[in-house]
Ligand SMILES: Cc1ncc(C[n+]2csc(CCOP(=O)(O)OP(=O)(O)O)c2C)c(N)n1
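Below you'll find only one chain, the form predicted on its own, shown as structure tokens.
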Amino acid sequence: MNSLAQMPRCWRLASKPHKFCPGCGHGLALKALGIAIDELNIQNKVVFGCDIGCSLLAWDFFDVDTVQTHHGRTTPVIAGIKRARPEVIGIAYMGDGGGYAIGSQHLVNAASRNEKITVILINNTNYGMTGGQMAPTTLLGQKTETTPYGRTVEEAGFPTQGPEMVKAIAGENAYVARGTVANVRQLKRFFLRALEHQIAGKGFSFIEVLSSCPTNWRTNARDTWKFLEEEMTKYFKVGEIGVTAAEKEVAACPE
């Protein structure tokens, strides 16, 4: 069997194999996104924006129009492109730093303005590219380069629950969900619904993706999967958090 046949059509083959670390979840998230783009047949309409951090390694991942932005500025860049060219499908792709730290003001205001774009945020509970420091999503008790004894509420507060925050700000206009690279089929469905929400002109859509980082977690394959599937999901609940009444009806129908 030709392994290339298993790649999404919208992937840029010249950039494969990808540049992410072994075991990194970015590749699985981008595969699910690629399949969703293929199924919707929107490759020639997509403008894909990626942030600084590990997410910047997606700059040549797709055979679509792509822009790589300053750190934390992917959301406003894609929002601006969408306002200038409403016919495009704008996708902003970032890590938890680009969305919940330096870029949090842009995420909050894009949600409140109901910008008609799709934001995808990868949550691997640390700053992966710069050595594994504490991120807004680092779990309580989790050891990182800057929390060697574990994150505490007293010193660093609680981990950011982004989809819940976005839903509270955006209200009924937004499609909001949290998926995981441990369930790529479900994640693809969430991406499909988020992109369909944008295509229909309904407004803002936001997907957080629970992802793996064995390089900085310092975990083997078994412990990586255990942390992703068991520890992360205790605090970060997977599922659709904000959908319209019509989308709930679609979600309830068997596939």
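All residue numbers are counted from 1 along the displayed sequence. Because the structure is predicted, anything quoted here is derived from the model rather than measured.
Heads up, the form predicted in complex with the named molecule isn't pictured, but that's what we're talking about next.
- Ile102 is the sole member of Leu139, Met165, Ile102, Val88 with a non-hydrogen atom within 4.5 Å of the named molecule in the predicted complex.
- Only one of the listed residues (Ile81, Ala182, Met129, Ala156) places a non-hydrogen atom within 4.5 angstroms of the named molecule in the predicted complex, and that residue is Met129.
- Considering the named molecule in the predicted complex, the lone stretch of 107-115, 156-164, 173-181, 90-98 in range is 90-98 [heavy atom distance within 4.5 Å].
- Taking non-hydrogen atoms only, Leu33 never approaches the named molecule to within 4.5 angstroms in the predicted complex.
- Residue contact with the named molecule in the predicted complex: Gly203 places no heavy atom within 4.5 Å of it.
- Mapping the unseen interface onto this chain, Lys143 falls outside it, with no heavy atom inside 4.5 Å of the named molecule in the predicted complex.
- Though the partner is left out of this view, Ile52 does reach within 4.5 Å of the named molecule in the predicted complex, counting heavy atoms only.
- For the partner-free chain shown, just His71 of 60-87 comes within 4.5 angstroms of the named molecule in the predicted complex, judged by any non-hydrogen atom.
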